[in-house]
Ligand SMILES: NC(=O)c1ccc[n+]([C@@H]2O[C@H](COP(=O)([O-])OP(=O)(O)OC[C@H]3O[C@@H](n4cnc5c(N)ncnc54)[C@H](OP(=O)(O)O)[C@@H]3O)[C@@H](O)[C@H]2O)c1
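Shown next as structure tokens: one chain only, the form predicted on its own.
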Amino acid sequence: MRDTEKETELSALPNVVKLKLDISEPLQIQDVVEKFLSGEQVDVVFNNAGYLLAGPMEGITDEQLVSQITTNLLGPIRVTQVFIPHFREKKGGLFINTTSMSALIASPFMSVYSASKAGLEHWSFAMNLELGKFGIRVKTIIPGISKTNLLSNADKASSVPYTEFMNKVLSTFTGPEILTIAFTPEDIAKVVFEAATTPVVAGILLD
């Protein structure tokens, strides 16, 4: 995590090691992963870091655009890339990547977020084919509406002509009707655990 001092619950659990890592920094990814692998074996890598950039395309700055793609798409790709040799040498391993329903169903004012998650979804599919012959699998978790702080913590862009429409759209994601069908973090955690512990019984191998 970027700031290990902010987290307190994991510290109370046995066999948990916290490491400082910002997945937008390629050299830091390389350094942290290599140091960790020098003394540990890894079976599952769960790429879950990400955030929402919300707003009209017309109002998004280039800095916001680059940051969203770097965190949501390039981050998981770079983390995965560093772990691949470890899994290949041990002839097995699993990558789990969190994408989003937005990867499949587009929403206005979330276009770049949708692009980043759609890219991660399709990249994961391709990597599963590429790495399968080495006993390495890639799975994706595709959450729908969730009771998390994704929207409240979103990086928001604005442009006056879109304000009313944007506010109307974003408010639907926090309305009482939506929340009745939203998943909790615990619901999603159960799916992740199942994905991490259930063997793949079928797959496609290109040899």
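The structure presented is a predicted model; accordingly, all values stated were derived computationally and were not measured. Note that residue numbering begins at 1 and tracks the sequence as displayed.
Quick note: we don't show the form predicted in complex with this ligand, though the next part is all about it.
Although the partner is absent here, T180 lies well away from this ligand in the predicted complex, with no heavy atom inside 4.5 Å. Although the partner is absent here, N153 lies within 4.5 Å of this ligand in the predicted complex, judged by heavy atoms. Though the partner is left out of this view, Y113 does reach within 4.5 Å of this ligand in the predicted complex, counting heavy atoms only.
Contact annotation for G144: at least one heavy atom lies within 4.5 Å of this ligand in the predicted complex.
In the predicted complex, no residue of the candidate spot (Q30, E34 and R78) has a heavy atom lying within 4.5 Å of this ligand. Applying a 4.5 Å heavy atom cutoff to this ligand in the predicted complex picks out T71, T98, T99, S100 from 62-100, in order along the sequence.
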